[in-house]
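For reference, the chain that follows is the form predicted on its own, supplied as structure tokens.
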Amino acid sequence: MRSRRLAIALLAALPLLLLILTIGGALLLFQGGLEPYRVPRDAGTPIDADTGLLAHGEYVAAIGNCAGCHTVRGGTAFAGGRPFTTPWGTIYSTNLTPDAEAGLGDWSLPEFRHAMRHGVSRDGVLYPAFPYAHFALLDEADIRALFAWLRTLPASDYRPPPNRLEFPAGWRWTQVLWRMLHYRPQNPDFGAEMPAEWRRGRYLVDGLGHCGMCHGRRGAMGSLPASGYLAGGRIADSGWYAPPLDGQQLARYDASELADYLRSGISPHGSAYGPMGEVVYQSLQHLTAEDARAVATFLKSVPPRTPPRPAQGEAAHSFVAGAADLYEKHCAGCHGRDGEGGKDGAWPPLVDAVAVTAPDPVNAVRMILYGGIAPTTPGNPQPYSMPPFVEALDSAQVAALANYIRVRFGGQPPLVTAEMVRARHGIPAH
């Protein structure tokens, strides 16, 4: 009797089970089927690491900014350990040096290629903090050269701390489910009919440079949906705002200006600070002139990703009117009374700068509080710095000044309050 009831229950559940298997199989197929989970363990063909190959590998590592993620501040280069904060806990980058135990010393090229393109290593499925969705576009020559160059680094036995992630993210197998729901590999043939310069720019932006990791708008469970492509947003790890990268947002640059900005960190339209300053210093300044131009050409072709800028109203003017004296006292000497900047562009303009035009005011608040300095590059060998005002202004003054520059020079509404400054940055009201 019991076995008959069990059989009936199984038959009743069979349609639901088939539906689950069908949906699961379709989702698995959409993100590459089973192939991404088959990690090759063969040694592969030995690499003849000649001088040209190693020089190319060093260039790939620089443009991909491998050191930026895989080096902890004050630590050994490429030895890992840099923490990345996510809504589910902290992930630490891995050791890329050729140490046999702690790093990649006993990895083969096929293993390395598989991890780069599929995000799966001998240790299991990698977390999407590693930009395998972008590196899936990398060609064989770049992967081969990068692996060869990494093997020339001094070996380090440093072992990064274990990841500290909440349930269920702490279980690596749950990443398979995440991938089934949210990961869709990019089309490597997209834009195949476009000119070579555009295709090279797309390869650098969407592949090697993985610009969408910061400049993409996140969706459900930290995904990068197609609708968020280069659409900008708050960077969870740093708290800075990364602006959209599209032809409309970058219209104030011509292609040559944008290419120069990528390599120097300065332009007539503003300078690179915060995470972008770090990226210019560690990575983008090493772009060849041709590659920088290709990136600029591609980015200026990206369709608009954001709605029009909100209109400036009378309420905004009255709200920030009392901050004019603060601006005159603390800001006008460098940025100009009309926000046009000064000294041949060494002091960046505020008119149409990202910090004042962005829908998120966090960059303006951070710069007022803590100041900043543009990266030192061959195109900007002696950068000027902005002093911090965290000790000179109270939270209400910071809010008023941030609102003033955003309303006057960026046409944005006055969103910043003293409470917001205190809550986000711990600045007391005097």
Ligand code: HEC
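Predicted, not measured: the structure shown is a model, and the values here were computed from it. Sequential numbering from 1, following the sequence displayed.
This protein has a second form, the form predicted together with the ligand, left out of what is shown; the following refers to that one.
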G339, G209, P98, G232 - the one with a heavy atom within 4.5 Å of the ligand in the predicted complex: G209
Contact assignment for the ligand in the predicted complex, among K300, R151, R144, H215, heavy atom within 4.5 Å: H215
The ligand contact at I91 in the predicted complex, heavy atom, 4.5 Å: yes
The ligand contact in the predicted complex: L177, any heavy atom under 4.5 Å: no
Touches the ligand in the predicted complex: S385 (any heavy atom, 4.5 Å): yes
4.5 angstroms heavy atom contact with the ligand in the predicted complex for Y183: no
Contact segment among 189 to 197, 120 to 128, 151 to 159, 220 to 228, judged by heavy atoms lying within 4.5 Å of the ligand in the predicted complex: 120 to 128
In the predicted complex, residues of 163 to 184 near the ligand [heavy atom within 4.5 Å]: N163, R172
